[in-house]
Structure formats: C-alpha cells, structure tokens
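So this first bit is one chain, no partners, the form predicted alone, shown in structure tokens.
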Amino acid sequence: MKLPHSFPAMEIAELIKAKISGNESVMLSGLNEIHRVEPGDISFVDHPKYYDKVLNSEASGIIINSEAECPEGKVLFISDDPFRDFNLLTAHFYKSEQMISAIHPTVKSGRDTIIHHGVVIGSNVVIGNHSVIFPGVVIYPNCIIGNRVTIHANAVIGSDAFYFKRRPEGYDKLKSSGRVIIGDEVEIGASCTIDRGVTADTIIGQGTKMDNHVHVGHDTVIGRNCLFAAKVGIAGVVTIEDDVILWGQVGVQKDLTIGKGAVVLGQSGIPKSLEGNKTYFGSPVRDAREKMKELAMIKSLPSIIDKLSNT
C-alpha cells in the first residue's frame, strides 16, 4: 500500500510510539508485508526465524520486536508488538468505506459493459469496456477489472486476506489494504472467491480462465492464459507463471512458484515450487508418468506377494 506521500521515520515512530534505530532521515512511502516489499516500504517481523529475511529485504523501515543491528540505509522501529503496530499504521493510512449502496457513485465502468441486477460494487472500482458482471457478484473497493472480462454469478472479488496471528486470547487479524487487479479477457466462474492483497495486489493475468468455485488467496500473482478447473484452491503469495493448467480440486500451498506451462492433474496437492513445462500428479505432486508407474506397481503388489508366498 502506498502512503499519501513520503513520511520521515520520526513521524512514523511517533505514530506507533516506537523506539527508533538506524538512519532517522529515511523517508518512507509505503506499507508492505514482506513477500511483496519494495524500497521505501515499511514491513514488520516478530519472530527470530524471519529476522534475517526481513532485515535484508528491500524494506526501508522495519518494525521489529528485538534490538538488532540495523542494515545501512534502513531504519528500525523497536516495538513490543510489531503485528499490532503494523495494523495500527494500516488503520491510520487506509480508510475503508462502507458498501452502503449497490453500486458506489465513484465506480467507473467502460463502454458497452453490462452490470446485471443484484451486483454490489464498492468505491473506486474501475471496470473496462465490453465486460459482463452477472447477478450476485460482489466487488470490494479499489479493484481494477479490465476489458472484455466476464464475472459469473455470486463471485466475490476483493474480500479480505486470510491472515491471522494466534494469541492466547484468540486470533488477531492482519488488516487488508490491497486490491485485486484483473487483466483483459479474463473469465471468472460462478461462486469464485479472490482475496485482495494484504498490502499489495492480487493479480489475475490477461486471458486466464477460471471454472466455478475456484479460490485465489491474498497477494497471489497469476500469469497470462492460465486455466483452472472447478474447486482449485490457491493459498496466499503464490506466483503462477503463464500458460499453467490446474485441473479440478488441485490444492496449492502458500508462498511458492509454479513455472510456465506446467500442468497439474486433478486432486493433486502442491507443497513446493514446480518447474514449468511438465505434467504433475499426486499428493504431494510428482512427475505424472512416474506417479502412474508407481501406482501400477502398487496395484500389482498383491499378486507379487502371492507368488512369493507360494514358492
């Protein structure tokens, strides 16, 4: 999320009442969770396992719950609860609007776009030309939808990220301030759900097609001309390159990459990154031909055991 303008580090420190360490003259222009962080951004870390990753990231400002050596050119905000203080900054700079009318007056829709009865669209949404939005669709604020896009009935675009911190008293939600951006000629099936980014954007590339009941998690970036069959579930912060095909009920773990041209057969589970231009099957996935051979061998085990027992 970009801030309204750049802020000096000391002003940010005052907002969250944090001790400051490092380059106090750094100007900060955005908030971003670590997976999509850019220079000028503020990010946060509250577990020693991730200190090095965040300290050595592109972030210019880091909210951290421990005294640490500050990398050159960065600034640290020492906090007893970085998750809380990152949420505080999000709430301060991101002002969400209530969806009090069916179509907010700030919505911009292009030439020959059809928005059917029963659609709800939040503030500052932009929809391109020749698109069709079917009944029951809900589009949250700030989403951008391209030209010649079809969104079928009861799809939800831009709902909050599924991102929680477990505390003794229950789950604490990380506030969402990102968007969903849908490219030209995308088709979204009925009852699909696409979460917005936490602080960056969830992106669906040009020409991608989704069957019914597909879920896309926060901050996921999907390339061009991908094809997803029904009940595919994609976790957050996944990168899916161009021309990927995921058949029905494929499940994708968070924070991984699926290479260009990969094909994953139905009911497979993807726990780690996959190379492109291969076909995969199984849970966890393997090369499809190898997996089929393995299944054939397992099927033949009873007869092999019978032969051995009769010798």
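Because the structure is predicted, anything quoted here is derived from the model rather than measured. One-based numbering along the sequence shown.
As for the form predicted together with a further copy of the same chain, it is not shown, yet the points below apply to it.
- Stretch 164-172 is the contacting one of 73-81, 104-112, 164-172, 86-94, since its residues have non-hydrogen atoms within 4.5 Å of a further copy of the same chain in the predicted bound form.
- Taking 147, 239, 225, 124 one by one, only a single residue has any non-hydrogen atom within 4.5 Å of a further copy of the same chain in the predicted bound form, and it is 225.
- With a 4.5 Å cutoff on heavy atoms, residue 213 counts as touching a further copy of the same chain in the predicted bound form.
- Contact check for residue 181: every heavy atom lies farther than 4.5 Å from a further copy of the same chain in the predicted bound form.
- a further copy of the same chain in the predicted bound form comes within 4.5 Å of a heavy atom belonging to residue 250.
- Looking at residue 283, you'd find a heavy atom of it within 4.5 angstroms of a further copy of the same chain in the predicted bound form.
- Relative to a further copy of the same chain in the predicted bound form, residues 159, 191 and 269 are all within 4.5 Å by at least one heavy atom.
- Scanning 125-160 for heavy atoms within 4.5 Å of a further copy of the same chain in the predicted bound form gives 134, 135, 136, 138, 140, 152, 153, 154, 155, 156, 159, 160 in sequence order.
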